[in-house]
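For reference, the chain that follows is the form predicted alone, supplied as structure tokens.
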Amino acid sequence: MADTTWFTHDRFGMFIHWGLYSVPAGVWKGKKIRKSYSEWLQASVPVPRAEYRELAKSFNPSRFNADEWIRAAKQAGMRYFLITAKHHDGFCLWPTRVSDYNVVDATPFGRDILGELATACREHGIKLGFYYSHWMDWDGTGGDVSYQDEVQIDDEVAAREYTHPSQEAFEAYWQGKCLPQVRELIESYDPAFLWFDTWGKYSSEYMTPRRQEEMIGLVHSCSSSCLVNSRINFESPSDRCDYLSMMDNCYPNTTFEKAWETSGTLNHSWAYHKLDYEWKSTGQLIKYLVGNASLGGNYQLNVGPMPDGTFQPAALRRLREIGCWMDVNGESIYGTAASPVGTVEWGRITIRKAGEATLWYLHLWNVTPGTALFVNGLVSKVTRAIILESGQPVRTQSSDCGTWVSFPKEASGLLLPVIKVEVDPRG
């Protein structure tokens, strides 16, 4: 297994869903598609493969700027970056040698998107990861198509195309496309981590223990440091996976022995959907980040860029607001460990070691300014307590069961304030 130290330290990353599906953006022939995720267009309508492939001719993101994307991630306080190198439609955002169904050979854009992002990540000190759809591939090369037996298929051509592959057909895809492309990604761009994706009843039919071990063995033979996530088979992952990936937008209330993360959306769809207006508030997004960190977990926040390669204004606003919060409170997230007292009703707690002392970060969600909160289990001597954002001193009073911490009334204007409490373990 690879070393996950950097992953658990950095805590916060950006996820990107972007591809041909971003062009129709959830609307096909004037109608909103059945699935609420726009990246599921091909299998939601579903669209015959030849017709879907025509979208490549209109994929020309003239305003794409890798440096701007990575700057936006870094300014939001994110330390790593993940993008859909190949999603379920089989289209690739790099010039793969395995297929001409890629951004360089099949589109007027003709540029290596992953290469440009890899360069920008190196320049800004951001770790790079790739989402690769290893189980499903709707382009007819032998990958599974999943839910098609649950979707009404009206088009005769599509009905013939979207059927579950035989094991022989899947094995040909596995050996001829999937494994070679994963090797390409590692050898060409040296990612810090890979993100595979499965779920549901069909995943284990194809992601057998033998295939999981073959994939993990390939990754580790090409890179001693590249991490592999547990959704290589969500239902029954190999013990050799390096970190656990929760189900989409799933925020657990427990800790895990392995490093773990949740990937979540800014609104509803992962890829850009022109009719998706369900934006989450900045405060809620910060709570997801803090909540996972308080249990020793990471948070990957997804952005769905528009067809021209830019982020929506609503996405940029939230990223900038999160970044402002992280500018003053980031030390309560990076390099911290899970709370020793679990979750609390008034907020969340993260901790870190600082020499002989231990720092407790009290994230206040449901506390009225001018009142006090009780930290059950904090029984060591408190040597100092301040509000991180303002530096205002905070009064504390310890007892045999815990510590009372005053929340100054002057802090009423702060968004999700954090109180930093320095504890002398000898006291």
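Given the structure is predicted, the values throughout are model-derived calculations rather than measurements. From 1 onward, residues are counted along the sequence shown.
The discussion below concerns the form predicted in complex with a small molecule, not included here.
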Within 4.5 Å, heavy atoms only, which of Tyr277, Phe256, Tyr251, Trp199 is in contact with the small molecule in the predicted complex? Trp199
Which of these residues, His88, Arg348, His273, Arg79, gets a heavy atom within 4.5 Å of the small molecule in the predicted complex? His88
Can you work out whether Met247 and the small molecule are in contact in the predicted complex, taking contact to mean some heavy atom pair no more than 4.5 Å apart? yes
Decide whether Tyr131 counts as a contact residue for the small molecule in the predicted complex under a heavy atom distance cut-off of 4.5 Å. yes
My question is simply whether Trp40 lines the interface with the small molecule in the predicted complex - judged by any non-hydrogen atom within 4.5 Å. yes
Looking in the predicted complex, any heavy atom of Trp195 within 4.5 Å of the small molecule? yes
Exactly one listed stretch (397 to 405, 32 to 40, 66 to 74, 48 to 56) reaches within 4.5 angstroms of the small molecule in the predicted complex by non-hydrogen atoms, and it is 32 to 40
